[in-house]
Ligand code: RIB
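Read the single chain below, which is given as structure tokens and is the form predicted alone.
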Amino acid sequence: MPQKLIIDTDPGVDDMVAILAALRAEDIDLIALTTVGGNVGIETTTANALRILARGGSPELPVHPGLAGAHTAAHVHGDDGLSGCPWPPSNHPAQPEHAVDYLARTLPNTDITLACLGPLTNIAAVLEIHPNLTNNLVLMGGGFGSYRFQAQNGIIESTGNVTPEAEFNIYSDIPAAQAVFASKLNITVIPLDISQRTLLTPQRLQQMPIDIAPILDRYTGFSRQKWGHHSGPLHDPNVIARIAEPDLYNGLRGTVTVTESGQTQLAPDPNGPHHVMLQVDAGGYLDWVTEQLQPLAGTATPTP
């Protein structure tokens, strides 16, 4: 039976791919999106969520706008959040119910899984209303330093991408991240240790739908220039792939804490409440992403 899923998101190019993949994944029943400020401001992330759903053929899926963020990453994703995406605005409006109210009403006493692709601001606000939530939560965030590689411009460490020790989603709302990891939620973590292994090469870009490939090319261009490398990471779809294809991933159980500077730390414990992914079949992941996007190859939305 497909897993019911809500995606909390701040689209974002990699969020875009994650949402499109979730719409196509056979083992996922995507029931709603909630938006949060992150990669760009909340108004833009909400508009982006709506037009991504339209591109994915599900324009009527509900989108609930959430809380604003303190930081943005427009220098990575572009001012529009989608690297100059040509898709027109959706004809469907966002829902009037706020994301926090919707999640607080919908999550308790259910087996709905949460996929969090951005800062954890909305989720921390929901926990203030329902501190005993025990839903499964799979999030993109943090870094634990288990992976490094040599690029032309230096060694890339899997600890942080905003500061040397802090990853963007965690750093964007450190108190929210601290509250979420201190909660009773059953948390699976997809950190930079995973996503910096899952790199989009020029060959992979050629396999993407014709209107999506240029967006991904511009997005990964930031990392290529920064690293002096031929590829760039595709972070957020790992969250959806971990839900749909868990055998692609391995990790350690333990307890994750977040320092005041936004560093994520793992105390290993086989009975711990958190499951941190540290190994991935990168080729299998990219094959899966490509497979989910292939049905979109011949259905591009025309540029207005």
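Each residue number is its position in the shown sequence, starting from 1. A quick note: this is a predicted structure, and the numbers were derived from the prediction, not measured.
There is also a form predicted together with this ligand; it is not shown, and the following applies to it.
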Can you tell me which of 274-282, 260-268, 234-242, 24-32 lies within 4.5 Å of this ligand in the predicted bound form, counting heavy atoms only? 234-242
Single option in Ala177, Met140, Ile194, Leu103 placed near this ligand in the predicted bound form, where near means a heavy atom within 4.5 Å: Met140
Heavy atoms within 4.5 Å of this ligand in the predicted bound form: does Leu117 have any? yes
Heavy atom to heavy atom, is Phe144 within 4.5 Å of this ligand in the predicted bound form? no
Hey, in the predicted bound form, does Glu167 get a heavy atom within 4.5 angstroms of this ligand? yes
Taking the shortest heavy atom distance, is Thr188 within 4.5 Å of this ligand in the predicted bound form? no
Going by this ligand in the predicted bound form, which residues of 266-284 come within 4.5 Å of it through any heavy atom? none
